[in-house]
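Given next, in structure tokens, is a single chain: the form predicted on its own.
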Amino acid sequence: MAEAVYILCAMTSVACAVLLLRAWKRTESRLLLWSGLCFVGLAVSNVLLFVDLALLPPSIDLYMPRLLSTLAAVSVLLYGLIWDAT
């Protein structure tokens, strides 16, 4: 059951990223770009979560790569928000 939730979270993140980046391409609003890039990073994090907890043996830990991808995703969004505010 948990694996299904991980997959659904990854699929939702990918869908959000695609929709935001498509909207950015149409409108060229930079906030949509930063948000889309953030969701790309969150999708990577969710895929890593699924791989780490469902596919790999417990001896291999992807905790730090998951945290770093999440941090990078949120940092991109924060940078974009600050960049557009100035």
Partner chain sequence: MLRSMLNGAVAMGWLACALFFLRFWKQSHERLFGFFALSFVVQALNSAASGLIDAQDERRNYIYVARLVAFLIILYAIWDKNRGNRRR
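Numbering follows the first chain given and starts at 1. Please read all numbers here as calculations on a predicted model, not as lab measurements.
Just so you know, the form predicted together with its partner chain exists too; it's not on screen, but the next bit is about it.
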Requested in this report: Indicate whether its partner chain has at least one heavy atom within 4.5 Å of a heavy atom of Leu49 in the model of the complex.
Outcome: yes
Query raised in the report: Taking 4.5 angstroms as the cut-off for heavy atoms, does Leu42 touch its partner chain in the model of the complex?
Result: yes
Query raised in the report: Does Leu56 reach its partner chain in the model of the complex, with heavy atoms at most 4.5 Å apart?
Result: no
Query raised in the report: Is Glu28 close to its partner chain in the model of the complex, meaning a heavy atom pair under 4.5 Å apart or at it?
Result: no
Query raised in the report: Taking its partner chain in the model of the complex, which residues along 1-20 bring a heavy atom to within 4.5 Å of it?
Result: Ala2, Val5, Tyr6, Leu8, Cys9, Thr12, Ser13, Ala15, Cys16, Leu19, Leu20
